[in-house]
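One chain is shown next in structure tokens, namely the form predicted alone.
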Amino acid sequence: MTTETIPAPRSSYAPPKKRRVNWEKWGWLYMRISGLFLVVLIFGHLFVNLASGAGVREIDFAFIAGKYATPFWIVWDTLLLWFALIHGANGMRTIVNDYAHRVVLRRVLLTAILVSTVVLLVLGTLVIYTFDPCPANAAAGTLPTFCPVK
């Protein structure tokens, strides 16, 4: 009879492998969660802009300036922008991964999607947060009627 020592449970002979992030799982999960948020955000946006009030005829510079006078609509439109752009970019990433078989082409397309998404997010967020209907040094004739004359 031989006496062998049994290794302790959960001990391994090889060094432990590093776990990598499962991007496909997180991308799949993001699409479902952001889709639910987008349904609420989009229908809220459409209702306020189109169904309530005078509809499309009411949307003009003053309408947007009035909306952006409150922090609620700034946050609403920011969430809509971010969720929609990232949702769309993630969908494009999935399509590229499915149909671009050459590694170099896939990397170029994924980089283009990433760069364009980041640029659009930055520019869109800047537009939302820096929108000023009454700029400080503008000529009085170019300002909307609701701006105080300085």
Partner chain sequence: MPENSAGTLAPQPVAKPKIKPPRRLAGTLYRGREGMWSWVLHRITGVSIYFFLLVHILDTSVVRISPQAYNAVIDQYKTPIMGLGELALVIAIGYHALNGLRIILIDFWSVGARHQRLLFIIVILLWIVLVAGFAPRQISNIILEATGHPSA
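What you see is a predicted model; the values in this text were computed from it and never measured. So that the term is clear: the rigid core is the largest set of C-alpha atoms that superpose within 1.5 Å between two forms. Residue numbers count along the first chain shown, from 1.
The form predicted together with the partner chain is left out here; the points below concern that form.
A residue is said to contact a partner when one of its heavy atoms sits within 4.5 Å of a partner heavy atom; residue 45 meets this definition for the partner chain in the model of the complex. Although the partner is absent here, residue 56 is a contact residue: one of its heavy atoms lies within 4.5 angstroms of the partner chain in the model of the complex. Shown alone here, residue 21 lies farther than 4.5 Å from the partner chain in the model of the complex, counting heavy atoms only.
Residue 61 belongs to the set of residues with a heavy atom inside 4.5 Å of the partner chain in the model of the complex. Of the residues in 128-143, those that come within 4.5 Å of the partner chain in the model of the complex through at least one heavy atom are, in sequence order, 130, 131, 135, 137, 138, 139, 142, 143. Relative to the superposed core, residue 57 undergoes a Cα shift of 2 Å or more between this form and the one not shown.
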